[in-house]
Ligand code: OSB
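First, one chain by itself: the form predicted alone, in structure tokens.
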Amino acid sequence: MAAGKGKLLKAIQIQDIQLHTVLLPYQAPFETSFGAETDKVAVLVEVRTAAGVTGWGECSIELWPGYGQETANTAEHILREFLVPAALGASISDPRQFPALIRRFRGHHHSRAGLEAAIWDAFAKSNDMRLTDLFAHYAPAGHESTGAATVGVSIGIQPSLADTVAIVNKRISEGYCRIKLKIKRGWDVEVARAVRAAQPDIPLMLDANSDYRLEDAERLAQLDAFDLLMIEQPLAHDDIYHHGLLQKRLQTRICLDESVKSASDLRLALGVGALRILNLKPARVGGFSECLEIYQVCVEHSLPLWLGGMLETGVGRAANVAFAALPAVTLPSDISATARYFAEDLTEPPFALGADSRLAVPAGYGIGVSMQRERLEAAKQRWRDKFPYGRAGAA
């Protein structure tokens, strides 16, 4: 189903766009240095073309502005008042044209990414292509989809070291080949020591979610003893320069996440030696058009790359798997199986972990999963029931 690089692709015209704010309960709370999350909130974008093709995208946000600045309310506002009107009626002959339609609006990367993802899905379906093959069509020559994404699993902060080791052992027994542990100041060296003692050979990485400062370099250097794959985003979310200074003091490779919001940011980070690995989140960088630019930079610099996750529903998970199946995504990505997060997702079929810790790209066109309308309506009602005023913390 792959299209050759020279194939002329059929344009689409965007006729209608609908927004759906949903709330799904997690199987278990997920805790990071920002706090604990019990529910997944998302604004799903439904695009319909003039030919009647429907595309889906996900604004991967959180209940409060922790990892990013956006919430359900801000995403709904920015989409409804600005981004959706700019896209309605547009004729798209290349999904990478979308950023130009909204160039006059700044910021709100998660909202942009959700709308753009829906357009990519509709475009792929209109051209009888899997989304992963459409990405490959615009990737460097020779970068055809592998058909599956190698994945790891992210483990939140647990009540105790014993609980941490137990959940790590459980995830390994389920077939995950790489473990990521969330850490914070006061929950770092000891947890790394305990897990490494229990699992001396498993690829292990730590994610600090910006909880440290350069003054903590000596503490972070103690992590060099545990043969880590990487330490992710130890310093401030908007910092590049100090990460370059920190990397000189560590043997462990630094992976940047929040600091890199564009291909330009990545080139700067490479220039100052601020990273040796990149975590790429489509939501963080504003969509898959920018992802492809960043992918090109990683190829040029032979930079190890993996896709991070935002605990997406099946809509966002399917799109991420499609991109993570490209060959320059060289490290296991944070796109765990559906059952890791949700008892029942919004889409079918669910993603199941296969051999060699891989998630297969669905066989269907576009994102390859189907929205279950009854579940969608139930998840929308959940949002209205739990947050009747549209904000976290409402009565």
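One rule holds for the numbers: they count along the sequence shown, beginning at 1. All figures in this text were calculated on a predicted structure; none of them were measured in a lab.
Although not depicted, the form predicted in complex with the named molecule is the subject of the following passage.
> Report whether the minimum heavy atom distance between N209 and the named molecule in the predicted complex is within 4.5 Å.
Contact check for N209: yes, within 4.5 Å of the named molecule in the predicted complex.
> Taking 4.5 angstroms as the cut-off for heavy atoms, does E232 touch the named molecule in the predicted complex?
E232: yes, in contact with the named molecule in the predicted complex.
> Given that the named molecule is not shown alongside this chain, does S154 nevertheless sit within 4.5 Å of it in the predicted complex, heavy atom to heavy atom?
So S154 counts as contacting the named molecule.
> Contact between G309 and the named molecule in the predicted complex at 4.5 Å, heavy atoms?
Within the cut-off, so yes.
> Could you tell me which one of H243, H137, H108, K182 places a heavy atom within 4.5 Å of the named molecule in the predicted complex?
The residue from H243, H137, H108, K182 that makes the contact is K182.
> Ok, R112, K281, K125, R171: which has a heavy atom sitting within 4.5 Å of the named molecule in the predicted complex?
Here the answer is residue option K281.
> In the predicted complex, does each of D121, Y295 and Y365 have a heavy atom within 4.5 Å of the named molecule?
Answer is no for this spot.
> Partner absent here, but in the predicted complex, which of 70-78, 195-203, 174-182, 88-96 has residues with a heavy atom within 4.5 Å of the named molecule?
Single hit among the candidates: 174-182.
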